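Before any questions on how it binds or moves, here is one chain, the form predicted on its own, in structure tokens.
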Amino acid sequence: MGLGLADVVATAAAVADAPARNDKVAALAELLGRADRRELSIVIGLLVGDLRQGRIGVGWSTVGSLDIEPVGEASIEVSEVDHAFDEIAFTSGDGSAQRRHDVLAALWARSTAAEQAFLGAVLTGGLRQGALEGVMVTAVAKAAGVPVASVRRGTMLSGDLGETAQIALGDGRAALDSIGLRPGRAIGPMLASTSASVADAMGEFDTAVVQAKLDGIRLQVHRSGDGVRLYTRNLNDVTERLPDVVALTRSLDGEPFVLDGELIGVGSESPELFQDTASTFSSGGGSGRVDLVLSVFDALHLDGEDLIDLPLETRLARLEARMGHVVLPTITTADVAEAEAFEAEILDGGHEGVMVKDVSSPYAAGRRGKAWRKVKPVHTFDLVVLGAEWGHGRRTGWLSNLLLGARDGDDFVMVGKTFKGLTDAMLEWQTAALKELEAEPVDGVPQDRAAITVFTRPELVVEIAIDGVQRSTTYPGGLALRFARVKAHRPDKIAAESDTIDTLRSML
């Protein structure tokens, strides 16, 4: 008999109640140790709220409509849940909506009250038990008796924690450590921290690589023979949208390769705003007004060899030798004045800032560390929308005033509101997007204006420009944003990559 859904639900409750991270890890590891190999991906997907099937098209309204009496005794196995989600995900054609509803209703009719609540939270993005991927990585390592670093590395190279767990628990450390980067299979991008100035960033390194920071779409470029795959920072496959980039990729030397780069819209004289780049990108580059140009800034795999463990200066040298004509503007220096002069040149060219990187750093896929620093002339942060208030006056009918949250451990804490910077087009887009994310409020969000507020799942990332922060008792985070304004909606980013409350507090 397979692992029961009730076991997963009980573990989720234990994790939610656990006072310390080690207790959460222990509870998860115990459950993983009882799952067989085929169940691991299912269990991990359920517990981190990231189903093996991805999004299956079931949201808040569908779950809320399932007024079905729960059973008293648990009997469902996790493999049965997975099979039901497969049916829902892959059912299409005439009558598919009803068939999908029937499959979900049949699952609900066999579930206990606790199981119904858990599955509803998983499907609507409301899971809040603290089993985020970082905790789960540690739990997999504990269950398998291998170093956390090996599981983390295996996950970032395979792009799939469930697959990595199967290898770790089923085959052991040697097989885990043999996982390599495979062209055609996306991996998590390396992320940057924020520095207030070039001088601050340069102070962290003996010698730095300084590169232009483009305000575009992060793009991971894979080629093996004539096979090309293009992935966004969220690891979405966008190959079919970008035929010109595919053609360019096939013209580059050094395959098989995996490159990290940025896709930016270029108008007649200067780089375009992110919104214009994103609009052209969404339409497959067919608008004609904006050209999408790929600039490469790193090589992860070249000539069939993994490069991620090599120093950045070595990776760049290999990259320049093979395809220097597509590498974005870059200098290597230990001189702050030279780096600042380069920054001024980049800003004069219409770009948003520079990246300052440790010349000796490896490529830490899927992680945000201190080896890469982004420097912009204004303070910008990636925050998460926790809700929005209905507008009035000329904004009547639109969700306008955004409730902004910063990442705080496994949760999000509110740090302010803003309606500034939003164009009519942005208001129209965010109203439609936020209606799709409607949910119960995140803990700590003030509800004194709940009648005019739509609370949302913390998924939509917005890039917010601020002049600074100040101490405040108004918001749960203990600070408030000064002159916050929306620079861009960033649906290409995920909430787990957003900035933390500690980053904002460091500005006090």
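The shown structure was predicted, so the numbers you read here are calculated from the model rather than taken from an experiment. Residue numbers run from 1 along the displayed sequence. Between two forms, the rigid core is the largest collection of C-alphas that superpose within 1.5 Å.
The discussion below concerns the form predicted together with the DNA, not included here.
Visitor: Select from the listed residues G254, P362, G421, G159 the one whose heavy atoms reach within 4.5 Å of the DNA in the predicted complex.
Guide: Of G254, P362, G421, G159, the residue with a heavy atom within 4.5 Å of the DNA in the predicted complex is G421.
Visitor: State the residue from R318, K142, R182, R368 whose non-hydrogen atoms include one within 4.5 Å of the DNA in the predicted complex.
Guide: Partner contact (heavy atom, 4.5 Å) among the options: R368.
Visitor: Any chance I56, G416 and S472 all have a heavy atom within 4.5 Å of the DNA in the predicted complex?
Guide: Yes.
Visitor: Would W372 count as touching the DNA in the predicted complex under a 4.5 Å heavy atom rule?
Guide: Close contact is absent here: in the predicted complex, W372 is far from the DNA, nothing within 4.5 Å, heavy atoms only.
Visitor: Might A26 be said to contact the DNA in the predicted complex, defining contact as any heavy atom within 4.5 Å?
Guide: Contact check for A26: no, nothing within 4.5 Å of the DNA in the predicted complex.
Visitor: Heavy atom to heavy atom, is S150 within 4.5 Å of the DNA in the predicted complex?
Guide: Judged by the heavy-atom cut-off of 4.5 Å, S150 is well away from the DNA in the predicted complex.
Visitor: Can L132 be called a contact residue for the DNA in the predicted complex at 4.5 Å between heavy atoms?
Guide: Yes, L132 sits close enough to the DNA in the predicted complex that at least one of its heavy atoms falls within 4.5 Å.
Visitor: Looking at heavy atoms inside 4.5 Å, which stretch does the DNA contact in the predicted complex, given the options 166-174, 309-317, 228-236, 405-413?
Guide: Of the options given, it is 228-236.
Visitor: Counting only heavy atoms, which residues in 12-45 are within 4.5 Å of the DNA in the predicted complex?
Guide: Heavy-atom contacts within 4.5 Å come from P19, A20, R21.
Visitor: After the core is overlaid between this form and the one not shown, has the C-alpha of T91 moved by 2 angstroms or more?
Guide: Comparing forms between this form and the one not shown, the T91 CA shifts at least 2 Å.
Visitor: Superposing on the rigid core, is the Cα displacement of L319 between this form and the one not shown 2 Å or more?
Guide: L319: C-alpha displaced by less than 2 Å between this form and the one not shown.
Visitor: Does G261 move appreciably between this form and the one not shown, meaning a CA displacement of 2 Å or more on the superposed rigid core?
Guide: Superposed on the core, G261 moves its C-alpha less than 2 Å between this form and the one not shown.
Visitor: Closer or farther: how do the CA atoms of A371 and T380 lie in the predicted complex, compared with the form shown, if the change is at least 3 Å?
Guide: Residues separate in the predicted complex, at least 3 Å farther apart.
Visitor: Over in the other structure, so in the predicted complex, do I346 and D467 pull closer or drift farther apart at the C-alpha level? The difference is 3 angstroms or more.
Guide: Closer in the predicted complex, by 3 Å or more.
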